[in-house]
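Two forms, one protein chain; structure tokens for each follow separately as structure 1 and structure 2.
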Structure 1
Amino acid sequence: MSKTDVSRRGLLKTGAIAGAGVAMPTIFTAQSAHAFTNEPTGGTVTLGFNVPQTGPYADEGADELRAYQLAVEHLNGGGDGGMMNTFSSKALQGNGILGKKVEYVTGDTQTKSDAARASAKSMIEKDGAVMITGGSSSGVAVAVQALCQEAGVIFMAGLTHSNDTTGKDKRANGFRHFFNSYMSGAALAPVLANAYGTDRKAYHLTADYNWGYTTEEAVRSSTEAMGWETVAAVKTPLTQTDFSSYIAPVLQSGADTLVLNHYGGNMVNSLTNAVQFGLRDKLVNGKDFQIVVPLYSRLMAKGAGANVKGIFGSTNWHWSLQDEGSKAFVKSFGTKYGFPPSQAAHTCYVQTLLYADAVERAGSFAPCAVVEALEDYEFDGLGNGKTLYRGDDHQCFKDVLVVKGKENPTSEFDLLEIVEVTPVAQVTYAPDHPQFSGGALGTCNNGA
């Protein structure tokens, strides 16, 4: 006969352990039962849209969110289908993703790396997001991309232009559709040489952070290869609002061209200040003084107003493109919201479709299956012509637009005109190009 001793203390201990087990956060128990992080098990799948909803890029974030909502509507079979009708892949049927209705949660990056990581983490751990996308800054993109790699979810970058996102900071779980600093330099330099000649003295003002450095390096090397001389490159604090003390000495340096490696509020203010100082009215070295803005955004051009007229820059996409994909997207977006989409909206919309399509083709939401489906994937019909998602670095290779501030805009959205569609071959570089050196993709992570 066996005797079982059940003491009061023992009972309490057992109860406490059992209680803790029951109360354990579902993410741990769920992970143990699933093949990968946040595997969708019901009739829905959740995507996480991490965009700046507050802070200086809130307007750009709002446009990104509009695009995401439109993409979700189209994926679920609503609206006119937008670019799904022109996309070369026909895997998407308008019945969600793999038959699961697409739902979404949003986070606020505040355009701060720590805030963006916190909101992405919350969407992964609390809301069960299987993919994170969005952002309006390279700092944020790099930080969130690293987080997604650790967590075992896919990151589809929003607006991020620094070489490092798919250079030294690339990750296997991260993908960038947007173009980069190198591509801007490679596309701009021949147009600049053609418009302004090969004998120019350039003065660079560069925002003192990662994106500024890579953009300056890209534009310098491309323009110097064309024969331009760089007379000075000055770093400006990211928090600078009045650039007069940086712009005033430009003419004294003997430079006849000013390159503003600035984005957002920095770009609006430095360009406004440069025009105020009358630089563009001056004749230096027997040539008209010129200003160049390597990365343009329509929303920023709006902030700078008439100051952008005639100034060259580059952009990832523009609503005035006449290919079928762009027209379909502009019609869809314009009908829903009443104005044309920005390039940030375009890249976010496209990234969502590309992710959904990759899942459909892979037949799985598992990150490693999605990575395999996206790597070296060629597609068309999404507004940039034939495009390759290169497997070596997860960077999209496609045509780049060189644009110019429009002299006679017909509306508040009609600020830039396309000067040249630079063919993809001209902006393609080797995966081990020095401007992208360091770092490694590593291996994909399914999490769980």
Structure 2
Amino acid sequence: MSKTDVSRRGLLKTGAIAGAGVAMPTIFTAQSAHAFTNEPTGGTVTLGFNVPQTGPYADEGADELRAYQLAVEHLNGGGDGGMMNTFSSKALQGNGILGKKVEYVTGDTQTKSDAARASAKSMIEKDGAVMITGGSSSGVAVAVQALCQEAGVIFMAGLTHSNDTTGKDKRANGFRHFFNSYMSGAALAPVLANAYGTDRKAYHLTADYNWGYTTEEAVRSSTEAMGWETVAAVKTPLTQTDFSSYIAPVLQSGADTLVLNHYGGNMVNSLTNAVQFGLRDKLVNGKDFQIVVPLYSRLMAKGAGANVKGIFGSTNWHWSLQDEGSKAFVKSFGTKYGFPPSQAAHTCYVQTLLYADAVERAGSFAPCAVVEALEDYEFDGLGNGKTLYRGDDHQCFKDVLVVKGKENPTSEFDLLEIVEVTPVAQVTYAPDHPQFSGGALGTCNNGA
């Protein structure tokens, strides 16, 4: 461990939670920093919100954008302040970031890596964005994170669940608040074993890109460890809308459980097709046929309607949580938009506040100052309980929720119920865990 590592970890011990509002020592100050990419020189600072406004994850993107706009409002002193009032750090004062009014530009990732890189590049080069955030696809997140590393700006990932984002494709300029595939597997397996037993035959349908691959690997690993057998794993195109041809073979496979490693519109369509084929009414191997959705969201549950009833999955956050931070965010978001926020909205709002807070504590927008302020930073009051931004890989570690579709929902938003709050210790892994092997964090890049 280097002296820098020792120093950083020492700061964690003395500055956790109670001292979270104390500025962290850094060589990068507003007065001494060398020039860096898009250094704000006037009275404003520009952030880039890169979300899927079209494509299969467009519903998630729309909610992300709502959350970003709410975060900007709160940072600039508008509204009720939301989670700025519950955040353990008290560095943010509602006067922008370092006294500069926050402005923003938006881009459409189209849920395509090339399109996402192009829009992020434009926001950096043409609009002067000093930080890029967003995305509802891990393929997009990995691509944009690499671009931001090259350009010398900070990337605060939005909704991205693949292990790769903070695994083999991690970057020093990138940070993820959202949980990952490994955490879903680790949280789900004990619940599934308790509900369905340890003698199951699983059939996986997997979205054909890196999120699908790592989610399948994580769920297979965790369920096989408890005794389940994987009888087949079939990849499906991200652009697929009708999954009938993929569902039919499941009935002939001998599987008694279908795992849908699908997200957004893909999951809505594949689950709907599975129910239409009568899978949930089947008796296979002497067991009631079951379906599992490793990564859930309220928006997906709404799209799938009654089909989600009784189906288990995991989620990063849910609007029904009763901690003070979650309640404050739900109130702010609901007042502004008329409905509760999704997990995508939550992670994007939190990432914006965490970036702004890191800049305030560092006293500089310089990327390397922000990196130092975020690494091994522990905080509370933003939902999910105490959370650590681990310095080794820039992954947040916090409690994970296991949910299932409600049998008797009271509204179109009350579709999921929390069945287990999995403690952070159960989903924590070593930085060199095999599911995260390969790649190096590297060093921060200030750019210009």
Partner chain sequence: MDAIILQILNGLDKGSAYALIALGLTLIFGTLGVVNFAHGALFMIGAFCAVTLSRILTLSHTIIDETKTDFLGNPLKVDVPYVHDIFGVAAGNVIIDWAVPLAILFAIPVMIAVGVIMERGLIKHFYKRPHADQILVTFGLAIVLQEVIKYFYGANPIPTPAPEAFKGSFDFGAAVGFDPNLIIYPYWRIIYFFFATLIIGGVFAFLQFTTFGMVVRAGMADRETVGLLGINIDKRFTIMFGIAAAVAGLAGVMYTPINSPNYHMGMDFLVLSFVVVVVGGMGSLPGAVLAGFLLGVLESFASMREVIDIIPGINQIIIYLVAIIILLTRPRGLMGRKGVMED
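Residue positions are counted from 1 along structure 1's sequence. This is a predicted model, so every value here is computed, not measured. In this text, rigid core is short for the largest set of C-alphas that superpose within 1.5 Å between two forms.
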Is the form predicted alone structure 1 or structure 2? 2
Post core alignment: L251 C-alpha displaced by 2 Å or more between structure 1 and structure 2: yes
Fitting the rigid core first, would the Cα of A172 be found 2 Å or more away between structure 1 and structure 2? no
My question is whether G286 is one of the residues whose C-alpha shifts by 2 Å or more between structure 1 and structure 2, given a fit on the rigid core. yes
